[in-house]
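Single chain ahead, by itself, as structure tokens, in the form predicted alone.
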Amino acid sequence: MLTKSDVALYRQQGFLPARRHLSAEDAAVLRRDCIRTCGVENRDPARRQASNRVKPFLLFRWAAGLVRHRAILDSVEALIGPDILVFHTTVWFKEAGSPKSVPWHQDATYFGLDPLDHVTAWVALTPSTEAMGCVRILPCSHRRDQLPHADNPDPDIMLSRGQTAVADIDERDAVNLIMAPGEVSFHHTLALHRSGPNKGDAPRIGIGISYIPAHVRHVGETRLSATLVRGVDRHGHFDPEPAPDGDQTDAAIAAHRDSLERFWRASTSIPEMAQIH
């Protein structure tokens, strides 16, 4: 588990840089499984993010095990407490030479959660270097509260609607989160971050896991689902999600489809988001 100094640093700067949570061997196995199941996109024409790369822990046993990884949960518990839900997860898959990027944004913009206690664990399954388009984060930017964002139609933006912060952002203090396979970084839901295109000669694969404490609720009218991965859910703000009974079984596909349909519907109809977009 993180030390008190680690937690204080996270509170101060809004993120923690890479820490070793998985062995290189375990990361290699996960990378192989990720490429096998998510290497080819299950494309939804209405979305920029392939459906098999969103909440894969409902479809595939390797992803279900990853979001429940003990070392990752130990660190998450130090940051948000012992009762932990997985709210969302995205596989960030940048092919070698890909022009795709992620603009400056805050995760809180399109999740509609209250209070803003969500933390993202970003798990590297391949090296993530500046040349490969690693995550770049602005220290202490989580203190700026929620900033306005605008949807951007650029097809090379990887976010679901191209959400881009509309704000004066001084990048001089930004930090590149250089990571090796098996390392994990953590960032606050309001921390401004982005990533550039992959100019390297190998894919850059990472998985962003959105963890929330059980007291957090969704502010929209659509009732969403989430997965309890540690502790107890005494609040019941989300419908519970089942762990997959195999890879892409009928039951897993049905649970995954139901969860994503709710999420996409909510992401375009949250009243509190109207002033942000």
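Residue numbers here begin at 1 and follow the sequence given. The structure displayed is predicted, hence computed values, not measured ones.
Absent from the display: the form predicted together with a small molecule. The rest refers to it.
Looking at the small molecule in the model of the complex, residues Val102, His187 and His193 each place a heavy atom within 4.5 Å of it. This chain appears without its partner; in the model of the complex, the one residue of His88, His142, Arg204, His149 with a heavy atom within 4.5 Å of the small molecule is Arg204. For the options Val135, Leu113, Ile84, Val119, the residue carrying a heavy atom within 4.5 angstroms of the small molecule in the model of the complex is Val135. Put simply, Asp107 is close to the small molecule in the model of the complex: some heavy atom of it is within 4.5 Å. Heavy atoms within 4.5 Å of the small molecule in the model of the complex are found in one stretch of 92 to 100, 149 to 157, 170 to 178, 67 to 75, which is 92 to 100.
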